[in-house]
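Quick heads-up: it's one chain on its own, the form predicted alone, in structure tokens.
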């Protein structure tokens, strides 16, 4: 009898991501002179840079006022980005409301079963040295083919919707007890919905199992915020979401350039001009 194939789908990991949700201490901020406010904002703008790997968003609702999003190549660079923000004079006027740590993840459900079966047909035992080498060769080729998706710049859209999510592990419905082929089928159908919104929204999925309180983080980038509602609503009707999905808090923000931080702290939402 052949040993069972692993139930875990292959994944590719890329950039490390940190979302920082902040409340502004407005009463303290108003105590600063206009010149001091400008100096503090200018220092922070310099730290955030050109917006390709760190970006600022004015959040809607009561959960927080400001969200900073950082894309970095690894956790060491991400730790430096976090430390850099905490050492700014601006940090004296910000209060952490929430945060989320994750890493860009590309799921390979469609190719995982083929890879496992091909190795098994060659008589390679799961988790053996030869098995691990075969898996790594497949992942190496996939990393090369998908390199731009693994370490992207932050998409230059006006709006961002971020939320964390889980797959159910309850007594009645448990995603992790479903066979690999069944999970692959449902994920394929789930992906077809997202593809219909290509060109309207950019979706970046990040894995956070073992890193934060939920299993995945989802970032949706678009110039029309109503696309978030339409896409997520439509996805609620596919089997993956309707039966197996659990969602955390949603954060929706309007992006503005770092050099316009002084305008944001003056009580105005700056216009967003994507870099050319």
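Positions refer to the first chain, counted from 1. Quantities reported herein were computed from a predicted structural model and do not represent experimental measurements.
One more form of this protein should be noted, the form predicted together with another copy of the chain, which is absent from this view; the next part is about it.
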Could you spot which one of 245, 40, 53, 218 gets a heavy atom to within 4.5 Å of another copy of the chain in the model of the complex? 245
Does any heavy atom of residue 91 come within 4.5 Å of a heavy atom of another copy of the chain in the model of the complex? yes
Evaluate residue 127 for contact with another copy of the chain in the model of the complex, applying a 4.5 angstroms cut-off between non-hydrogen atoms, and reply yes or no. yes
Answer with yes or no whether residue 266 is in contact with another copy of the chain in the model of the complex, where contact means some heavy atom within 4.5 Å. yes
Although the partner isn't part of this model, could you tell me whether residue 191 comes within 4.5 Å of another copy of the chain in the model of the complex, counting any heavy atom of the residue? no
So, a 4.5 angstroms cut-off on heavy atom distances: do all three of 7, 82 and 177 pass it with respect to another copy of the chain in the model of the complex? yes
Going by heavy atoms, what in 86-101 lies within 4.5 angstroms of another copy of the chain in the model of the complex? 86, 87, 88, 91, 92, 96, 97, 98, 99, 101
